[in-house]
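So this first bit is one chain, no partners, the form predicted alone, shown in structure tokens.
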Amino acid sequence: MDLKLENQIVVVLGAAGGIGRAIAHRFLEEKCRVVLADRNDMVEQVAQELHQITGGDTLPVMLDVTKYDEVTALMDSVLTQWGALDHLIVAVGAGSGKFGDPFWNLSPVDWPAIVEQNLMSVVNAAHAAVPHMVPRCLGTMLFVSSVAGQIGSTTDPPYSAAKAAVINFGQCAARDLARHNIRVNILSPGMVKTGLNQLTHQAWQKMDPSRASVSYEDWAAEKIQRVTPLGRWQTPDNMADMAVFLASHRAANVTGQTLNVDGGQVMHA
């Protein structure tokens, strides 16, 4: 399938690992030019590795997405260096590192940093990108949320609430930007084997010492069979496939949607 994305400029926030890296990789395979941004200093190595694999143009940038001035500086530098911004991907996620079932296992002081990282990263990126995208009346945005933002997951309430807010903000942005021919969608992963998922397992163990002997693999396998109709892991590559499709002309009439790549975990009647 020809997605006609060649030479388009893509900014991926949260590109150093997991879903963000896979998305950056897939856009490079589509012959896009990709800015890989992350607060992790591994982002430079990742950009170099992906360049070697694909031969595509990569630009690594270290930044803190919770700081609006750093995000605006990134967008300005992209315009200076490559002349345009076609697609914005925000694949940033962070949990509290605590098990919030029930929610009062956490304290209100656990919330602000998680909301800042999961929600305000998206808000900052969208605000910073709009001045460069609206005049062209062209482009897409994709915000990575989670099934936890749709089902009231009590595993990590600050994370779940922030990801729910990402969905709502994505819908607001989609309505506002539709008149400028800019599409905004939300990608909602299910059970993906990432560092964040493994931290959830560790927090679950800490709640009860008797769980110490339950391995991550066994814990995850039981959960997948219980909550996922297809009964299997979702992968970063699955997310990347959806990301490039949503950026392409093949999804020209898709905006304001939450696309669940979750093995059937969330089904709305």
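Just count from 1 along the sequence shown to find any residue number. Since this is a predicted model, take the numbers as computed values, not measurements.
The same protein also has a form predicted together with a small molecule, omitted here; what follows describes it.
Residues placing heavy atoms within 4.5 Å of the small molecule in the predicted bound form fall in a single listed stretch, namely 139 to 147, out of 73 to 81, 139 to 147, 101 to 109, 170 to 178. Contact here is defined as any heavy atom lying within 4.5 Å of the small molecule in the predicted bound form, and by that definition each of I19, L63 and Y159 is a contact residue. None of T228, N40, T54, N238 but one reaches within 4.5 angstroms of the small molecule in the predicted bound form through a heavy atom, and that residue is N40.
In the predicted bound form, the small molecule lies farther than 4.5 Å from every heavy atom of H87.
Although the partner is absent here, Q117 sits close enough that one of its heavy atoms falls within 4.5 Å of the small molecule in the predicted bound form. Interface membership of I151, defined by any non-hydrogen atom within 4.5 Å of the small molecule in the predicted bound form, is ruled out. Among residues of the shown chain, M191 is one whose heavy atoms approach the small molecule to within 4.5 Å in the predicted bound form.
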